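Only one chain is shown below, in C-alpha coordinates, and it's the form predicted on its own.
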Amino acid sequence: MGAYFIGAHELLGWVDGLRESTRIIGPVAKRQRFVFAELESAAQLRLDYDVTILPPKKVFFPPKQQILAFDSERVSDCIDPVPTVLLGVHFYDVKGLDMTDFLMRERYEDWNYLAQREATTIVASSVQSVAPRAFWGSIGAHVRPQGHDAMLTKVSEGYVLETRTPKGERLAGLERFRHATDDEVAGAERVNAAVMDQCSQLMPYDSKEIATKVRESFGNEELWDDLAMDCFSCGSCNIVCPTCYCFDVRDSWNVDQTSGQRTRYWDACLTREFAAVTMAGGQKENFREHHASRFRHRFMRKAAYLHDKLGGPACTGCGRCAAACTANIADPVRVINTIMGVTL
(Lines give C-alpha, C1' and ligand atoms only; values in the text may rest on other atoms or scores of the structure.)
Protein backbone atom coordinates (compact mmCIF):
# COMPACT_ATOMS: atom_id res chain seq x y z
CA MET A 1 0.00 0.00 0.00
CA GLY A 2 1.02 3.66 -0.22
CA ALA A 3 2.26 6.44 2.03
CA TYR A 4 1.19 10.07 1.55
CA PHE A 5 2.22 13.38 3.05
CA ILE A 6 -0.61 15.72 4.06
CA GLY A 7 0.37 19.26 4.99
CA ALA A 8 -0.99 20.61 8.27
CA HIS A 9 -3.06 23.17 6.33
CA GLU A 10 -4.49 20.47 4.00
CA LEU A 11 -5.91 18.02 6.54
CA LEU A 12 -9.24 19.71 7.30
CA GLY A 13 -9.93 20.33 3.62
CA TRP A 14 -9.37 16.65 2.90
CA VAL A 15 -11.69 15.62 5.75
CA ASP A 16 -14.41 17.98 4.52
CA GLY A 17 -13.98 16.46 1.07
CA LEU A 18 -14.49 12.99 2.52
CA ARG A 19 -17.68 14.22 4.20
CA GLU A 20 -19.18 14.98 0.81
CA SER A 21 -19.28 11.30 -0.11
CA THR A 22 -19.54 9.37 3.16
CA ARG A 23 -20.32 9.60 6.84
CA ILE A 24 -17.28 10.56 8.92
CA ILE A 25 -17.06 9.69 12.62
CA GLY A 26 -14.16 11.03 14.65
CA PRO A 27 -13.14 12.35 18.06
CA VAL A 28 -14.80 15.63 19.04
CA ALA A 29 -14.81 17.65 22.24
CA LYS A 30 -17.65 17.24 24.73
CA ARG A 31 -17.22 19.71 27.59
CA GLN A 32 -13.84 18.76 29.07
CA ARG A 33 -13.83 15.25 27.55
CA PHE A 34 -13.95 13.66 24.11
CA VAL A 35 -16.37 11.37 22.27
CA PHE A 36 -16.59 9.68 18.89
CA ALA A 37 -19.38 11.39 16.94
CA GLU A 38 -20.39 12.12 13.36
CA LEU A 39 -18.57 15.20 12.12
CA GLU A 40 -20.74 18.10 11.01
CA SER A 41 -17.57 19.95 10.02
CA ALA A 42 -13.91 19.00 9.80
CA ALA A 43 -13.20 21.82 12.27
CA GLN A 44 -14.75 19.63 15.00
CA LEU A 45 -12.06 16.98 14.60
CA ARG A 46 -9.76 16.74 17.65
CA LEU A 47 -6.85 14.47 16.84
CA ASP A 48 -5.08 15.85 19.93
CA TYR A 49 -7.52 14.02 22.26
CA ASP A 50 -6.26 11.76 25.04
CA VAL A 51 -9.07 9.19 25.32
CA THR A 52 -12.79 9.18 24.51
CA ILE A 53 -15.48 8.52 27.10
CA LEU A 54 -16.77 5.46 25.22
CA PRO A 55 -14.68 3.31 22.87
CA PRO A 56 -15.27 3.23 19.09
CA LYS A 57 -16.95 -0.18 19.32
CA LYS A 58 -20.19 1.80 19.80
CA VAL A 59 -20.15 2.54 16.04
CA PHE A 60 -20.70 -1.18 15.32
CA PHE A 61 -22.25 -2.32 18.60
CA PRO A 62 -24.32 0.58 19.95
CA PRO A 63 -25.47 0.67 23.59
CA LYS A 64 -29.05 0.14 22.33
CA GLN A 65 -29.54 -1.68 19.03
CA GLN A 66 -32.79 -2.92 17.50
CA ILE A 67 -32.10 -6.29 15.89
CA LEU A 68 -35.56 -7.49 14.83
CA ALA A 69 -39.01 -6.18 14.00
CA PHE A 70 -42.00 -8.49 14.01
CA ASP A 71 -45.75 -8.63 13.56
CA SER A 72 -48.32 -11.40 13.30
CA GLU A 73 -47.11 -12.43 9.84
CA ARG A 74 -43.37 -11.94 9.59
CA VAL A 75 -40.05 -11.25 11.28
CA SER A 76 -37.46 -8.98 9.66
CA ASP A 77 -33.94 -8.05 10.64
CA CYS A 78 -32.82 -4.46 11.12
CA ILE A 79 -29.37 -4.72 9.56
CA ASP A 80 -28.78 -1.48 7.64
CA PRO A 81 -25.06 -0.65 7.31
CA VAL A 82 -24.02 2.90 6.38
CA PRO A 83 -20.74 3.50 4.49
CA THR A 84 -18.54 5.19 7.08
CA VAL A 85 -15.00 6.39 7.69
CA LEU A 86 -14.05 6.06 11.35
CA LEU A 87 -11.22 8.56 11.68
CA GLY A 88 -8.73 9.12 14.48
CA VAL A 89 -8.74 5.80 16.36
CA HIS A 90 -5.77 5.33 18.69
CA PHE A 91 -3.88 2.05 18.35
CA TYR A 92 -5.12 0.65 21.67
CA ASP A 93 -8.71 1.06 20.50
CA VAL A 94 -7.83 -0.65 17.22
CA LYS A 95 -6.61 -3.56 19.36
CA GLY A 96 -9.93 -3.51 21.20
CA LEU A 97 -11.78 -3.69 17.89
CA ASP A 98 -9.54 -6.56 16.79
CA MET A 99 -10.61 -8.53 19.86
CA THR A 100 -14.30 -7.73 19.38
CA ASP A 101 -14.08 -8.60 15.68
CA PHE A 102 -12.70 -12.02 16.60
CA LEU A 103 -15.29 -12.68 19.28
CA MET A 104 -18.18 -11.55 17.07
CA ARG A 105 -17.03 -13.89 14.29
CA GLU A 106 -16.35 -16.88 16.50
CA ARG A 107 -18.70 -19.85 16.08
CA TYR A 108 -21.85 -17.93 15.04
CA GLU A 109 -21.15 -14.70 13.17
CA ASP A 110 -22.99 -11.69 14.61
CA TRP A 111 -24.03 -9.72 11.53
CA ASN A 112 -25.77 -7.09 13.64
CA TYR A 113 -22.18 -6.09 14.47
CA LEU A 114 -20.28 -7.27 11.39
CA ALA A 115 -22.42 -5.59 8.72
CA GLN A 116 -21.50 -2.08 9.89
CA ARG A 117 -17.96 -3.20 10.69
CA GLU A 118 -17.40 -4.30 7.09
CA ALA A 119 -18.99 -1.11 5.74
CA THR A 120 -16.49 1.02 7.69
CA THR A 121 -12.98 2.18 6.79
CA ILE A 122 -10.87 2.75 9.90
CA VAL A 123 -8.17 5.41 9.86
CA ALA A 124 -6.05 5.15 13.00
CA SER A 125 -4.14 8.14 14.30
CA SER A 126 -1.06 8.71 16.42
CA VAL A 127 -1.43 9.45 20.13
CA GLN A 128 -0.73 13.14 20.69
CA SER A 129 -1.93 13.32 24.31
CA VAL A 130 -1.67 10.53 26.90
CA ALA A 131 -4.60 10.00 29.28
CA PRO A 132 -3.66 10.17 33.00
CA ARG A 133 -4.85 6.61 33.75
CA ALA A 134 -3.53 4.98 30.56
CA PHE A 135 -1.09 2.07 30.73
CA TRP A 136 -1.14 0.84 27.14
CA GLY A 137 2.64 1.09 26.97
CA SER A 138 3.07 -1.91 29.28
CA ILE A 139 0.08 -4.23 28.69
CA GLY A 140 -0.03 -6.71 25.82
CA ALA A 141 2.80 -4.90 24.05
CA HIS A 142 3.46 -7.99 21.91
CA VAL A 143 -0.05 -7.76 20.42
CA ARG A 144 -0.02 -5.52 17.36
CA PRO A 145 -3.09 -3.62 16.10
CA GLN A 146 -4.42 -5.15 12.88
CA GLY A 147 -7.91 -3.91 12.08
CA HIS A 148 -7.20 -0.44 10.66
CA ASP A 149 -7.13 0.42 6.98
CA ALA A 150 -4.80 3.41 7.24
CA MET A 151 -2.59 5.12 9.83
CA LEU A 152 -2.36 8.90 10.18
CA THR A 153 0.67 10.15 12.12
CA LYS A 154 1.34 13.75 13.08
CA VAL A 155 4.88 14.83 12.21
CA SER A 156 6.53 18.22 12.40
CA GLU A 157 5.25 19.69 9.12
CA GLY A 158 1.96 17.84 8.79
CA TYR A 159 0.81 14.23 8.67
CA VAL A 160 1.99 10.97 7.14
CA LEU A 161 -0.90 8.75 6.01
CA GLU A 162 0.07 5.12 5.43
CA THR A 163 -2.59 2.96 3.80
CA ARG A 164 -2.68 -0.65 5.01
CA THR A 165 -5.53 -2.18 2.97
CA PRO A 166 -7.30 -1.62 -0.36
CA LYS A 167 -10.10 0.12 1.59
CA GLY A 168 -7.55 2.57 2.94
CA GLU A 169 -6.06 3.12 -0.49
CA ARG A 170 -9.53 3.94 -1.85
CA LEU A 171 -10.04 6.88 0.52
CA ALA A 172 -11.29 9.78 -1.57
CA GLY A 173 -8.89 12.60 -2.32
CA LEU A 174 -5.57 10.84 -1.75
CA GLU A 175 -4.50 11.58 -5.32
CA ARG A 176 -4.15 15.27 -4.40
CA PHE A 177 -1.25 14.55 -2.01
CA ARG A 178 2.33 13.73 -2.84
CA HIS A 179 3.87 10.44 -1.82
CA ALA A 180 5.73 10.56 1.49
CA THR A 181 9.48 10.15 1.39
CA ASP A 182 11.28 7.29 3.12
CA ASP A 183 12.57 9.77 5.70
CA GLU A 184 9.03 10.99 6.44
CA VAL A 185 7.75 7.43 6.86
CA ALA A 186 10.68 6.64 9.15
CA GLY A 187 9.92 9.81 11.12
CA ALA A 188 6.32 8.65 11.59
CA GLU A 189 7.57 5.31 12.89
CA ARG A 190 9.77 7.10 15.43
CA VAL A 191 6.85 9.23 16.60
CA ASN A 192 4.68 6.17 17.22
CA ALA A 193 7.49 4.28 18.94
CA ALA A 194 8.42 7.19 21.22
CA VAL A 195 4.91 7.60 22.64
CA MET A 196 4.94 4.06 24.03
CA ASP A 197 7.13 5.22 26.93
CA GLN A 198 4.93 8.15 27.93
CA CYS A 199 2.28 6.43 30.08
CA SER A 200 2.63 7.31 33.76
CA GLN A 201 1.01 3.98 34.77
CA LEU A 202 3.06 0.80 34.48
CA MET A 203 2.28 -2.92 34.60
CA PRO A 204 5.76 -4.47 34.41
CA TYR A 205 4.82 -8.12 33.88
CA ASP A 206 4.56 -10.51 30.95
CA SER A 207 0.93 -11.17 29.99
CA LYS A 208 1.32 -14.96 30.27
CA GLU A 209 2.77 -14.53 33.73
CA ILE A 210 -0.19 -12.33 34.66
CA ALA A 211 -2.70 -14.84 33.25
CA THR A 212 -1.17 -17.66 35.29
CA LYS A 213 -0.99 -15.72 38.54
CA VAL A 214 -4.49 -14.27 38.22
CA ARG A 215 -6.00 -17.71 37.57
CA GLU A 216 -4.13 -19.13 40.57
CA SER A 217 -5.58 -16.37 42.75
CA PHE A 218 -9.17 -17.51 42.14
CA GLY A 219 -9.54 -19.30 45.47
CA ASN A 220 -8.01 -16.52 47.56
CA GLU A 221 -11.31 -15.09 48.78
CA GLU A 222 -9.66 -12.83 51.33
CA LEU A 223 -7.64 -11.17 48.55
CA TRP A 224 -10.69 -10.59 46.35
CA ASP A 225 -12.80 -9.37 49.27
CA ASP A 226 -10.12 -6.79 49.97
CA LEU A 227 -9.69 -5.74 46.32
CA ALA A 228 -13.46 -5.33 45.86
CA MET A 229 -14.28 -3.92 49.29
CA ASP A 230 -15.56 -0.54 48.04
CA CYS A 231 -17.25 -1.77 44.83
CA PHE A 232 -20.73 -0.29 44.31
CA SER A 233 -21.58 -2.86 41.57
CA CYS A 234 -22.49 0.04 39.30
CA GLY A 235 -21.00 -1.52 36.14
CA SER A 236 -19.29 1.68 34.98
CA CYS A 237 -16.07 -0.22 34.29
CA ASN A 238 -17.95 -2.61 31.98
CA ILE A 239 -19.77 0.13 30.10
CA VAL A 240 -16.64 2.06 29.12
CA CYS A 241 -14.51 -1.01 28.32
CA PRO A 242 -13.47 -1.48 24.67
CA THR A 243 -13.47 -5.29 24.95
CA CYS A 244 -16.67 -5.98 26.91
CA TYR A 245 -19.32 -7.44 24.64
CA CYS A 246 -22.06 -8.85 26.88
CA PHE A 247 -25.59 -7.79 26.07
CA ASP A 248 -29.17 -8.31 27.24
CA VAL A 249 -32.03 -8.93 24.78
CA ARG A 250 -35.56 -7.63 25.34
CA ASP A 251 -38.75 -7.87 23.34
CA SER A 252 -41.21 -4.98 23.43
CA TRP A 253 -44.75 -4.92 22.05
CA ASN A 254 -46.56 -2.11 20.33
CA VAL A 255 -50.04 -1.06 21.45
CA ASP A 256 -51.64 -3.28 18.79
CA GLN A 257 -50.25 -6.29 20.70
CA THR A 258 -49.31 -8.04 17.45
CA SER A 259 -46.16 -6.17 16.42
CA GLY A 260 -43.03 -5.18 18.23
CA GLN A 261 -39.25 -5.07 18.35
CA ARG A 262 -36.38 -7.10 19.70
CA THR A 263 -33.60 -4.88 21.04
CA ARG A 264 -30.27 -5.60 22.62
CA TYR A 265 -28.60 -3.46 25.26
CA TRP A 266 -25.12 -3.43 26.70
CA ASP A 267 -24.98 -5.48 29.89
CA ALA A 268 -22.49 -5.40 32.77
CA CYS A 269 -21.18 -8.39 34.74
CA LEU A 270 -20.46 -6.16 37.77
CA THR A 271 -24.15 -5.47 38.38
CA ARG A 272 -25.99 -7.65 40.86
CA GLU A 273 -28.73 -8.74 38.45
CA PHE A 274 -26.31 -9.93 35.72
CA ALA A 275 -25.85 -13.38 37.26
CA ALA A 276 -29.43 -13.82 38.48
CA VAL A 277 -31.41 -16.66 36.86
CA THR A 278 -35.02 -17.70 37.31
CA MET A 279 -35.94 -21.13 38.67
CA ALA A 280 -39.05 -23.24 38.96
CA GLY A 281 -41.78 -21.96 41.23
CA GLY A 282 -40.89 -18.33 40.74
CA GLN A 283 -37.60 -18.69 42.61
CA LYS A 284 -34.39 -16.94 41.62
CA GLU A 285 -30.74 -17.90 42.02
CA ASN A 286 -27.76 -15.56 41.77
CA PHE A 287 -24.57 -17.50 41.11
CA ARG A 288 -22.39 -14.43 41.80
CA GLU A 289 -24.36 -12.86 44.59
CA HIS A 290 -21.44 -11.17 46.36
CA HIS A 291 -19.82 -8.15 44.71
CA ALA A 292 -16.33 -9.66 45.28
CA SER A 293 -17.18 -12.67 43.09
CA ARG A 294 -18.34 -10.36 40.31
CA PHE A 295 -15.24 -8.19 40.66
CA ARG A 296 -13.08 -11.34 40.50
CA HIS A 297 -14.95 -12.59 37.42
CA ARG A 298 -14.22 -9.38 35.54
CA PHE A 299 -10.47 -9.69 36.11
CA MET A 300 -10.46 -13.40 35.36
CA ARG A 301 -12.04 -12.61 31.99
CA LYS A 302 -9.68 -9.76 31.17
CA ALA A 303 -6.42 -11.30 32.34
CA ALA A 304 -6.83 -15.08 32.26
CA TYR A 305 -9.85 -16.72 30.63
CA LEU A 306 -9.54 -15.11 27.19
CA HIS A 307 -5.75 -14.90 27.11
CA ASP A 308 -5.03 -18.00 25.01
CA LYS A 309 -7.96 -17.38 22.67
CA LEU A 310 -6.94 -13.78 21.93
CA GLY A 311 -3.18 -14.26 22.11
CA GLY A 312 -2.91 -11.70 24.91
CA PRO A 313 -4.96 -10.00 27.62
CA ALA A 314 -8.51 -8.82 26.93
CA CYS A 315 -7.39 -5.39 28.08
CA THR A 316 -5.94 -2.60 25.95
CA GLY A 317 -4.61 -0.36 28.73
CA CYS A 318 -6.86 2.55 27.75
CA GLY A 319 -7.53 3.46 31.41
CA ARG A 320 -11.24 4.15 30.87
CA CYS A 321 -12.33 1.79 33.65
CA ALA A 322 -10.01 3.44 36.16
CA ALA A 323 -11.30 6.90 35.23
CA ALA A 324 -14.97 5.84 35.32
CA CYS A 325 -14.90 3.95 38.62
CA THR A 326 -16.78 5.91 41.28
CA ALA A 327 -14.94 4.09 44.07
CA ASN A 328 -11.52 4.35 42.36
CA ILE A 329 -10.84 0.61 42.69
CA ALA A 330 -11.29 -0.74 39.13
CA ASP A 331 -7.82 0.28 37.92
CA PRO A 332 -6.22 -2.89 36.44
CA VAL A 333 -2.78 -1.55 37.35
CA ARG A 334 -3.75 -1.53 41.03
CA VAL A 335 -5.44 -4.94 40.92
CA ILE A 336 -2.89 -6.81 38.80
CA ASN A 337 0.15 -5.36 40.55
CA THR A 338 -1.42 -6.31 43.90
CA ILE A 339 -2.03 -9.89 42.74
CA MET A 340 1.45 -10.21 41.28
CA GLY A 341 2.93 -9.16 44.62
CA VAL A 342 0.92 -11.68 46.67
CA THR A 343 2.31 -15.09 47.58
CA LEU A 344 -0.46 -17.53 46.66
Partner chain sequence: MTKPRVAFFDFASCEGCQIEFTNHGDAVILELLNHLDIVEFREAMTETTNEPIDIAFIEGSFTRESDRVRLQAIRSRAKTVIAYGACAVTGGINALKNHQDDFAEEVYGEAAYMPHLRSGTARPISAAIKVDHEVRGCPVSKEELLLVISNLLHGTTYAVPTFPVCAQCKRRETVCRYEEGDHCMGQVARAGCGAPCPADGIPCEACRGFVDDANLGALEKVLVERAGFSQRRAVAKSRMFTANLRS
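Residue numbers count along the first chain shown, from 1. All figures in this text were calculated on a predicted structure; none of them were measured in a lab.
In what follows, reference is made to the form predicted together with its partner chain, a form of this protein that is not presented.
Problem - Triplet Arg33, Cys234 and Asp256 all within 4.5 Å of its partner chain in the model of the complex via a heavy atom - result: Contact check passed for all of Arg33, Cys234 and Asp256.
Practice task
Evaluate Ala141 for contact with its partner chain in the model of the complex, applying a 4.5 angstroms cut-off between non-hydrogen atoms, and reply yes or no.
Solution key: So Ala141 does not count as contacting its partner chain.
Practice task
Answer yes if any heavy atom of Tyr92 is within 4.5 Å of a heavy atom of its partner chain in the model of the complex; otherwise answer no.
Solution key: Result no; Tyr92 lies far from its partner chain in the model of the complex.
Problem - its partner chain contact in the model of the complex: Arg74, any heavy atom under 4.5 Å - result: Flag for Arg74 set to no.
Exercise for the section: State yes or no: in the model of the complex, is some non-hydrogen atom of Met300 no more than 4.5 angstroms from a non-hydrogen atom of its partner chain? Expected result: The answer is no: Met300 has no heavy atom within 4.5 Å of its partner chain.
Exercise for the section: Determine which one of 262 to 270, 122 to 130, 191 to 199, 155 to 163 lies within 4.5 Å of its partner chain in the model of the complex, judging by heavy atom distances; exactly one does. Expected result: Result for this chain: 262 to 270.
Handout entry: Residue among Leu310, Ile53, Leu68, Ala42 with a heavy atom within 4.5 Å of its partner chain in the model of the complex
Key = Of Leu310, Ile53, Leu68, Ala42, the residue with a heavy atom within 4.5 Å of its partner chain in the model of the complex is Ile53.
Exercise for the section: Could you tell me which one of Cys325, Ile25, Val15, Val335 places a heavy atom within 4.5 Å of its partner chain in the model of the complex? Expected result: By the 4.5 Å criterion, the partner-contacting residue is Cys325.
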